[in-house]
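Quick heads-up: it's one chain on its own, the form predicted on its own, in structure tokens.
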């Protein structure tokens, strides 16, 4: 079963939340951000090239134009490959663990897997960001030395920055699966 909702991020931008329900013990959430617009790429490229052309007319050095083209292309490739994330996915399987995947605009994917035995809890935390209080979903990892301690806090959906209503929906589903996993591990 799959459903999709249209939501917004903390700045009012559009987000799409895809929820895939595989079984009571397996659930996947995918937050999709809008793709990069051709208008913004064109505006940045034209601005850099016009500035380079202005310098070229003053200095009459063709290396300035070549450098502007080269820097623009490298900057665009770097932005698409390392910065612009198209969608983030959270896959929860109660017997295995939690997998977080970030898919960049260039097609590159970054995946992190956390074993369920290391997960203490999934919580909604708050932080101050640009003079605002924002909420984010994070995974608390168990401390191997101290049984009741927390060794690390791993944030989820770092790039999309969804609003609280989206985080609550994901949080409740995560808590259902964690409760199912705890019930299965404590039963004989």
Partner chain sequence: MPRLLQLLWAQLSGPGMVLKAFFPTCCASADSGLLVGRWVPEQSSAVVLAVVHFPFIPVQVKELLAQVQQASQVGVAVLGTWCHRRQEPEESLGHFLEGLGTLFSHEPWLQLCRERGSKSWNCKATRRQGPTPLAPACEDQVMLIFYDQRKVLLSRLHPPAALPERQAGDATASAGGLAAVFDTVARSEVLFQSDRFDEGPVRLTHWQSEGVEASILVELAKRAAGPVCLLLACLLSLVSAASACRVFRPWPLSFIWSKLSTCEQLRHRLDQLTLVVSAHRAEGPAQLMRKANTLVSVLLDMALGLLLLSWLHRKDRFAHLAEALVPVADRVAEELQHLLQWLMGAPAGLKMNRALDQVLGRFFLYHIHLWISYIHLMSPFIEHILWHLGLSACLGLTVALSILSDIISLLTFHIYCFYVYGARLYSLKIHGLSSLWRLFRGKKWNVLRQRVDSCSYDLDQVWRAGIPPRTGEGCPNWHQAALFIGTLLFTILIFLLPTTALYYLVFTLLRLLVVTVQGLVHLLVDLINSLPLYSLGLRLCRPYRLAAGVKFRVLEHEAGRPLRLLMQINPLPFSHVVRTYRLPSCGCHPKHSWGSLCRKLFFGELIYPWRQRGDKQD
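Positions refer to the first chain, counted from 1. These numbers were taken from a predicted model, which means no experiment stands behind them.
Below, we turn to the form predicted in complex with the partner chain, even though it does not appear here.
Student: So if I measure heavy atom distances to the partner chain in the model of the complex, which of the stretches 56 to 64, 155 to 163, 22 to 30, 40 to 48 falls within 4.5 Å?
Tutor: Answer to the contact question: 22 to 30.
Student: Is it true that 96, 113 and 176, all three, sit within 4.5 Å of the partner chain in the model of the complex, judged by heavy atoms?
Tutor: Yes, the whole trio is in contact, each within 4.5 Å by some heavy atom.
Student: Is there any non-hydrogen atom of residue 14 lying within 4.5 Å of the partner chain in the model of the complex?
Tutor: So residue 14 does not count as contacting the partner chain.
Student: Answer for residue 18 alone: is it within 4.5 Å of the partner chain in the model of the complex, judged on heavy atom distances?
Tutor: Taking the distances in the model of the complex, the answer for residue 18 is no, it never comes within 4.5 Å of the partner chain.
Student: Is residue 91 a contact residue for the partner chain in the model of the complex, using a 4.5 Å heavy atom cut-off?
Tutor: So residue 91 counts as contacting the partner chain.
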